[in-house]
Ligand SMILES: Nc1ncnc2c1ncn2[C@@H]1O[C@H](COP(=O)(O)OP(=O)(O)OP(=O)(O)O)[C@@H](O)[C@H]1O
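The chain that follows stands alone, in the form predicted on its own, written as structure tokens.
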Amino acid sequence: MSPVPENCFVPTSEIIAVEETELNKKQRNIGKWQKMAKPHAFTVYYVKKARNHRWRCSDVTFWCVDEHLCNQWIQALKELLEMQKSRPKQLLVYINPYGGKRQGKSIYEQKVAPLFSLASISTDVVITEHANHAKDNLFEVNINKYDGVVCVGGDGMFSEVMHGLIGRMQKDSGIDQNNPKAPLVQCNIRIGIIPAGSTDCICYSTVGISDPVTSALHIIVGDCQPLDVSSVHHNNTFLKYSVSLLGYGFYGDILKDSEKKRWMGPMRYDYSGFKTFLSHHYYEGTISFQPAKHTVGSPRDKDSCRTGCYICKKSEQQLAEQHKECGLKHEEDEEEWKVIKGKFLAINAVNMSCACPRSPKGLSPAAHLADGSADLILVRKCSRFDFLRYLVRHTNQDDQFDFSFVDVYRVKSFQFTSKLSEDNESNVTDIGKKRFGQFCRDHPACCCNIANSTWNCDGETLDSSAIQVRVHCQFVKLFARGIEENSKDEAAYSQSSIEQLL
């Protein structure tokens, strides 16, 4: 038996399917195969990696004259695929036909469904008809029959599915989500994202590219990437879960303004961003936070989160040891908090880098997907020119935190209340004054600007400016691998490859 004259190194974990191949008369007359009286063949479909983390489905055909030997190889390879227990066999798929450029349904049918069929994955497809359709449906379906849930759409569609799954888990376990200190139950059902929205931040941070075929292949091979989730509360009332950005001030104002201009499509973000920059609003408030002492890294250490991230694994182990020693409730009650009062142009908390095509490094290049922490970025009041310098650094390789008016902290929980809210609800600042350390004296509060901004929570606005946030370590799992260091030349290819097998 001999392969076509092309070297092909592929781990068995990245073989998509194996099928018997019928050879037509033209194929039988190719080169040395025309000497065979009756050649037999099978085709191996596999993941082919290209530049910029892009994956494609490729194939190679193997021919031989012995039918029995050919069947033996087909059976052996299929048995190897059956041993890949992490691969999904039954998926629940939600498609948002209205998001982004309204291409979700066609993207799934033309690019994704054929790949799922090739990999022998069964699907139940639901076309969403209104907001929260998927979320509500997840409270009703028999979720245990599925190996995963796939959402076709943008970050908003993912958020809806995530809220539905987490909410379902807490409901089934009798957990009150309104209790900010409740020990939430982890969501073990993996979520797949087929990008079809106007923004696909989560795909960029967990796969490295926003590409439907690449994401579909990650789902097929059964990749698993844990993801931290932040719960957001206001006065013992649950508001939202966040996996990427919580932004107050600049990014909150952009979202609030852009919501009035949805008719403009994705261009509304550019328009609202420019308008918000010119307005140069700052907001007074108080931030109190718990430093994430369990983490191995820091926001400025240049160590980006990559596939099999050591920092995420080590941080998760240390956090588990902390909880085992003193318990979650005791730890939150007794551990010292830091409190900062000031005037801020932007307050951003990110659970991931938030990278995208316009900002290849994101808001915090060294943020980690699964280390049980968020990077809290405080941009204090400064000149419009200085703020522009800070924004420009999101698009280049310079250190975006190297400014006197920018501070960044790695935290596991934080609270914020605006100056306006402090006058009416002093509970958060009173707690801070009594228990959580020392106020920042360099930026005392004044009465210049007491208006409230809006919190941008993964692209959705929150009703309250005063919030409590807690990071839940590796709370959900995605069909993703993290961003690979070198997506084209994997060292692992030399281990368990088709060439070795044949």
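In case it trips you up, residue 1 is the first one in the sequence shown, and so on. Because the structure is a prediction, the values reported are computed rather than measured.
FYI, the form predicted in complex with the ligand isn't displayed, but the following is about it.
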property	result
Contact assignment for the ligand in the model of the complex, among G154, G285, P299, G192, heavy atom within 4.5 Å	G154
Contact assignment for the ligand in the model of the complex, among F238, W73, Y269, F116, heavy atom within 4.5 Å	Y269
Stretch in contact in the model of the complex with the ligand, which is absent here, among 170-178, 413-421, 210-218, 127-135 (heavy atoms within 4.5 Å)	127-135
Triplet D228, S231 and G372 all within 4.5 Å of the ligand in the model of the complex via a heavy atom	no
The ligand contact at Y310 in the model of the complex, heavy atom, 4.5 Å	no
F139: touches the ligand in the model of the complex, heavy atom cutoff 4.5 angstroms	no
Any non-hydrogen atom of K324 within 4.5 angstroms of the ligand in the model of the complex	no
G197, heavy atom within 4.5 angstroms of the ligand in the model of the complex	yes
Sequence-ordered list of residues in 305-319 near the ligand in the model of the complex, where near means a heavy atom within 4.5 Å	none
